[in-house]
Structure formats: structure tokens, C-alpha cells
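The data below hold one chain only, encoded as C-alpha cells and taken in the form predicted alone.
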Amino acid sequence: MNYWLFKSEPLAFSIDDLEKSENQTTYWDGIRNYQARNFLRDTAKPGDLGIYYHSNSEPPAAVGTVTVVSEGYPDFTALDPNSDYYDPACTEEKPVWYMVDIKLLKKFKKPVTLPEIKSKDILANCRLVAKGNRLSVFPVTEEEFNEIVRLGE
């Protein structure tokens, strides 16, 4: 099993939006970074667990857990000229960008803020706190996942 952190700006799509989605499930679209794309296309698998994280919020915080419910598949928003994520280089025959579907498992009782995460020695090597990490999806270790979940309960 793999463990992930999925970042979303709450004004774009919050954990509350996920909770209101049909079957509390959504596709994780709009990834336009090759490394993050590779994680979704090649590594993320159904049954993997993830932290749902609100970025660009005050304060940024982990707010719940999700599970991956699909294999990676071509991101159809890249083909839609009306989408913010349109990429004219993409075709159905040669997709460039990929996404997975995620399902809400639970919302945390309390958000786990970025300052709180940074204050924990056990999370010192988490990619979330690494300088220059701007990926919107990336792996975390089982230990990091479990610690963030513990802090949210």
C-alpha cells in the first residue's frame, strides 16, 4: 500500500465539497506537473490511503483522510478547451496528464496545521515541509500518515 498527501485549495475544492460529492468521491484532476502526473499514472493504486490537505488557506492544514478508488487514467480536462486545465498538446490517442479518483474516509476532528506538522520531529522529513515542494500530490510514509491522522483525532 502507498500513502499520499493530496493538496487542494479549499476555495477550489474543499474537504466539505468532497463530503457533498456523489458517494463522497471525486476525480483528482488538473495535475500539470510531470512528477505528480507520474505518481498518479504509475504508482497510485486503489486502496492506497491519503491525507487531504488544504493549501493556500489560513492556516494551511491536513483536514482528513481519503482512499484512492481507481487506477490512474487520462485527465479528460486536458482535452476540454473550456477547462482551466486544457492542454492543446494532449489528444485522446496520446494523453499527457493523468488523474485518479479519491473517496473521503473521514474528516479530522481538528485540522492539523502546517505549523503543528513542522513542530513534530517525526514529521521533519515529510515532503510537505521540504523547501521548494509545490507538488499537489506526493507520497508520504506510513509513519507520517499515521502521525498526521493521530494529530487530527
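Note that residue numbering begins at 1 and tracks the sequence as displayed. Just so we're clear, the structure is a prediction, and the values are computed from it rather than from any experiment.
Below, we refer to the form predicted together with the DNA, which is not included among the displayed structures.
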Testing 62-70, 44-52, 30-38, 104-112 against the DNA in the predicted bound form with a 4.5 Å heavy atom criterion leaves exactly one stretch, namely 30-38
Taking the DNA as it sits in the predicted bound form, is residue 118 near enough to touch it, meaning that at least one heavy atom pair lies within 4.5 angstroms? yes
Contact of residue 56 with the DNA in the predicted bound form (heavy atom, 4.5 Å): yes
Taking the DNA as it sits in the predicted bound form, is residue 9 in contact with it (heavy atom to heavy atom, 4.5 Å or less)? yes
So in the predicted bound form, is the DNA close enough to residue 20 to count as touching (4.5 Å, heavy atoms)? no
Heavy atom contacts to the DNA in the predicted bound form at 4.5 Å, residues of 132-152 in sequence order: 132, 133, 134, 135
